[in-house]
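Below, in structure tokens: the form predicted on its own, a single chain.
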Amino acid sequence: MPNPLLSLPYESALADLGDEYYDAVSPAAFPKHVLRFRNDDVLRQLGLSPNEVSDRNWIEAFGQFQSNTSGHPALALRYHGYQFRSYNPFLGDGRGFLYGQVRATNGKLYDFGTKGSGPTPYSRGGDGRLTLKGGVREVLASEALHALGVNTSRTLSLIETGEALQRGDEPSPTRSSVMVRFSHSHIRFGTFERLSYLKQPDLISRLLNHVITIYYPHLLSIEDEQTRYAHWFTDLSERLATLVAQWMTAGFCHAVLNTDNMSITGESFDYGPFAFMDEYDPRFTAAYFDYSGLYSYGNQPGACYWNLEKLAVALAGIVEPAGLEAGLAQYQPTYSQVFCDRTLTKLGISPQLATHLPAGQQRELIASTLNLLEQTHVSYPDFFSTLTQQFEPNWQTDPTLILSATLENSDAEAASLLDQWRQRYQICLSQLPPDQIQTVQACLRSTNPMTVPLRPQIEAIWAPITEDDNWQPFYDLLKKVQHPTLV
């Protein structure tokens, strides 16, 4: 029987752009292939039934990288990027490539991009491999974020490859893996920055038109080119602002917000030293090498805006300044609105219910909530899961009932802050229609996760893998983060 993963109707949209954008590469040959994760949910998006795709099929396609129907070799993309705000012209796909592009059942084109598939011309002396722990972490990050409503790439597969790797940030030798990512696009901000650096405006124009045609087709009806470009940049700005607001309300710190990690579709991807925040702290930093806290949790909105500004610089010879300025101007208001909506939703007040509250009161509740969390050093996920589990409809009329058990167990300073917060929360609840108070409870239960893959949880499931090759704790945690709410 033919392999369904190799027989998909692959397309060559990116390959057809020309080899000025990529290099053809060959995947590494691995001594072993053990399938550790397969994303059957994504299979369904591709119109495939999990029952018709065997584990062997996964290994042939995404471990051995046998030829697919596109007829094209693997492509390592060329790009540059600002890394911790220093420009680096020596980047590119260093341990991954574009394996193929396919359309999902929604009609949109998606990329299969690898990580850990061997060296490329851009490996800079590295081995092009991915540690098994790095792969496990990326599976957990992408699946958790997806379940929390974040616009993220998905992990399609993770295969252990049987090599011993030397790494400075893991006990070595450590186990190896190869991963395949399912995302909207392999094109990054840095792809444009490279062409600007090389002074190739014709290639920038070709790439920009490709991006709009494939990923922003709703703009093709705009006949004037500059108007179309301006609308595209505004759309991208709003997508990126929305993504950052999703990260922030999920309590997520990406950790490496370089311009080569910014997708041209406004999608989150590439989870290296990420972390979900436990104790609420805007200064929380996930990467041990981010000594200045440039990409700390609280700096993420500003960091991504800075990246958008740098993309505007790269596009300046193609897109008129007024169009770029208009797009940049939409970033902050979009971020503020999405952050407000999602934070209120975490408090049980959906956008529909929020229409009953004055805008000033909404802002005051959000500010009070964040101040309470920061001043009391409360666990971010625990606060909202506790709120969800303890919520009662009679909170609408009696503020003394709100988190009463928590108040009793708090020290004097924390109790004072909590009492102030619950007074403000109850005032907001009191303005909602009485027949809608059950909606608050439903909103809480469908929004706030009971399980978040914090660092201790990840270390706890990694220990059985390294010591006994016991993968059950990983699968148990994965199931919880894929279905994190009480609903």
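For clarity, every value in this text was computed on a predicted model and none was experimentally measured. One-based numbering along the sequence shown.
Omitted here: the form predicted in complex with a small molecule. The next part is about that form.
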Worksheet item: Is there a heavy atom of Ser404 lying 4.5 Å or less from a heavy atom of the small molecule in the predicted complex?
Response: no
key: is_contact(Ile204, the small molecule) in the predicted complex, heavy atom dist at most 4.5 Å   = no
Please tell me whether any heavy atom belonging to Glu267 falls inside 4.5 Å of a heavy atom of the small molecule, as the geometry stands in the predicted complex. no
Q.
Since only the chain is shown here, I'm wondering whether Asp260 would be in contact with the small molecule in the predicted complex (any heavy atom pair within 4.5 Å).
A. yes
Partner contact check in the predicted complex: of 168-176, 322-330, 117-125, 389-397, the stretch with a heavy atom within 4.5 Å of the small molecule is 117-125
The one residue among Arg228, Arg129, Lys310, Arg78 placing a heavy atom within 4.5 Å of the small molecule in the predicted complex is Arg129
The one option of Gln375, Gln83, Gln337, Ser379 with any heavy atom within 4.5 Å of the small molecule in the predicted complex is Gln83
